[in-house]
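The form predicted on its own is given below as one chain in structure tokens.
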């Protein structure tokens, strides 16, 4: 498929919500870092489950339960293959990326001692900060921050000199939800292994943009969220190496994760079921599997080429507007098309309101990255985050909305 064909086929016809209007304008959805839209195939799969299959799994011998159990287990296998061919029992279904992070933080607590170190980066989402803060508070460990340079990229060489064998875990985002910067997770992994630290990667922003192979990265943990990769809300994934999951105690207790229960003691099911207490997110898992099929059919090479077109076109447009300030993006090949920006003397919420009048959905605020905003010296930014179903024509309307914002608010 040529670049011309990629631009011509915006894929937006696969997404029913993109056919609607907002403020009597065609919807231009540019808040993909918050959540992505869902194609018909995902929506239809979830509807089919509730209309024709709805049953609990791993509990009954009747036909509906058997069908759902098979599909649920197949969904886990599909996720394992999607992440680079991991083991079936290394995939834990959660309700989202946030729960996956909390699961690991909770289970790590017995492994952490006073004055051990947990390292995170300055560009983390709050979900990849708060659980580690609590872990440090509960254990007496120290929370350390990986240095960042003026280009808002991690200083990996400096980090390598700072980290010591006191480090027990490094938790970093694969791709920043605020800056769009792609962190060098392979290099970070190499540094972790050198000092014996575990590596946790928040992959929520990565999996809709780039192919991920956790085995090649040599990640100990990798978390993702279904709703940020064209799947449903309420479903996430934790990949963890088998030996670590076997060492961990269960995060939650209840039905589905037991082997034997008496009034005096209980034993737990083997992994992965040991970490899936209660009725699991069955519809979510099936919808996630369908989203993986959709991405696989579209192909990452097509997604990457389309997003590079959008990236270059947006940056070229911004180069014509001296009043706009984009944070980061000094090295374009280290970024995906996610842009935090401000326009002189215009509050980000006002920018968002003007954009909405053009039918454009963007984010304004701190993007769950308040420590990063403090480093940038601003309370908030506006954020445009593209997906491959956006088009070059969307950027022309963005430019109109920016000019209207300046006309109204810059006297």
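It should be emphasised that the depicted structure is a prediction, and the values quoted were computed from it without experimental measurement. Positions refer to the first chain, counted from 1.
FYI, the form predicted together with another copy of the chain isn't displayed, but the following is about it.
Residue in contact with another copy of the chain in the model of the complex (any heavy atom within 4.5 Å), chosen from 89, 233, 298, 139: 233. Contact check for residue 99: a heavy atom falls within 4.5 Å of another copy of the chain in the model of the complex. When contacts are judged by a 4.5 Å heavy atom cut-off, residue 219 does not count as touching another copy of the chain in the model of the complex. Heavy atoms of residue 150 never reach within 4.5 Å of another copy of the chain in the model of the complex, leaving it off the interface. Within this chain, residue 127 lines the site of another copy of the chain in the model of the complex, having a heavy atom no more than 4.5 Å away. Contact with another copy of the chain in the model of the complex, defined as any heavy atom within 4.5 Å, is confined among 265 to 273, 77 to 85, 208 to 216, 324 to 332 to 265 to 273. Residues 17, 20, 22, 23, 27, 29, 31, 34, 35, 36, 37, 38, 43, 46, 47, 50, 51, 52, 53, 54, 55, 56 are the ones in 17 to 56 with at least one heavy atom within 4.5 Å of another copy of the chain in the model of the complex, listed in sequence order.
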